[in-house]
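Read the single chain below, which is given as structure tokens and is the form predicted on its own.
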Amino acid sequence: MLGAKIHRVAIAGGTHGNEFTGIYLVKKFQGYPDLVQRPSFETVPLLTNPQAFALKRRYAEQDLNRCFLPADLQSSTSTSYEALRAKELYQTLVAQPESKADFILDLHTTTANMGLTVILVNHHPFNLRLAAHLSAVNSAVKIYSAYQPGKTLAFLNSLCEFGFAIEVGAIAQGTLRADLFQRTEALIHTLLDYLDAANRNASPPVASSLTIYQHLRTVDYPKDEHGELLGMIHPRLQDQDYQPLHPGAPLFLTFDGDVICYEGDATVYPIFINEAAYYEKGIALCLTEQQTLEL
């Protein structure tokens, strides 16, 4: 059992300023705080990147969700708006006892067809059990693990042992969809109810195993020597997030009509397919391996 370890939950929205679902859920919870309060802990809704939201852009100067490496948080030379904001969030969520978060939930949206996705940044048993509970309550929930042993992640959730991100899509940047807004809000309430039950040593039972999609690697678009695109996601792959991709299956369609196929020797499960924000990062999709974890 977790015991009474969760005293304060931070619900972060707007880490990317053009992902409106999380932003307007945070605004709703700020306006109606009783919706997210639970008897055994305080819930704090937090708009994490207000300047990017004001600009209606993903970020003002750099991606805030890549600014939380310990070395960057301690650096005196990082002076971008997001670097300074990351340091402010670290002080708020970690360093100051009166505002320290015991659980961080970071809300995101994607243009990829990923439905409701929980993104793990570690494999702490409590986070795994919570993820298993969410997927049991809503069978549409998928669990993606970005955790790689020995690698330090730079995400907002890296600040806290307990917590993870929720990624919802497909939805265009800078827009709201009522159905995805409602599904995300329902998942948040299920999560908060579980945390409250865990604090009372009354966690609901979960299955003995959990299916996750473990990150393997990213794949870039075909490009020429100048970095110009030579093709796009193949029509048969578009919107097929979490579906098996077999060796020899089409990945890309070049502008002159050639098909580039997946050359791996094992079946994988692509996600973040054709994510709009990842063009600048050189990522066409992420490849994952389906795994079963014993709980």
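If you're wondering where the values come from, they're calculated on a predicted model, not measured in any experiment. Quick note: we count residues from 1 along the sequence shown, nothing fancier.
There is another form of the same protein, the form predicted in complex with a further copy of the same chain; it is not shown, and what comes next is about it.
Enquirer: Although the partner isn't part of this model, could you tell me whether P235 comes within 4.5 Å of a further copy of the same chain in the predicted bound form, counting any heavy atom of the residue?
Expert: Taking the distances in the predicted bound form, the answer for P235 is yes, it comes within 4.5 Å of a further copy of the same chain.
Enquirer: So in the predicted bound form, is a further copy of the same chain close enough to N122 to count as touching (4.5 Å, heavy atoms)?
Expert: N122 lies outside the contact set for a further copy of the same chain.
Enquirer: Against a further copy of the same chain in the predicted bound form, would G174 count as a contact residue? Criterion: heavy atoms within 4.5 Å.
Expert: Yes, G174 lies within 4.5 Å of a further copy of the same chain in the predicted bound form.
Enquirer: Is the gap between D239 and a further copy of the same chain in the predicted bound form 4.5 Å or less for some heavy atom pair?
Expert: Yes, D239 sits close enough to a further copy of the same chain in the predicted bound form that at least one of its heavy atoms falls within 4.5 Å.
Enquirer: With a further copy of the same chain left out of view, choose which of Y90, F126, Y81, F181 has a non-hydrogen atom within 4.5 angstroms of it in the predicted bound form.
Expert: In short, F181.
Enquirer: Among the candidate residues T111, Q214, S99, S158, which is the single one with a non-hydrogen atom no more than 4.5 Å from a further copy of the same chain in the predicted bound form?
Expert: Here the answer is residue option T111.
Enquirer: Report the stretch among 262 to 270, 36 to 44, 65 to 73, 247 to 255 that approaches a further copy of the same chain in the predicted bound form to within 4.5 Å, counting heavy atoms only.
Expert: Among the listed stretches, the partner-contacting one is 247 to 255.
Enquirer: From first to last in sequence, which residues of 263 to 277 have any non-hydrogen atom within 4.5 angstroms of a further copy of the same chain in the predicted bound form?
Expert: Residues within 4.5 Å: N274, A276.
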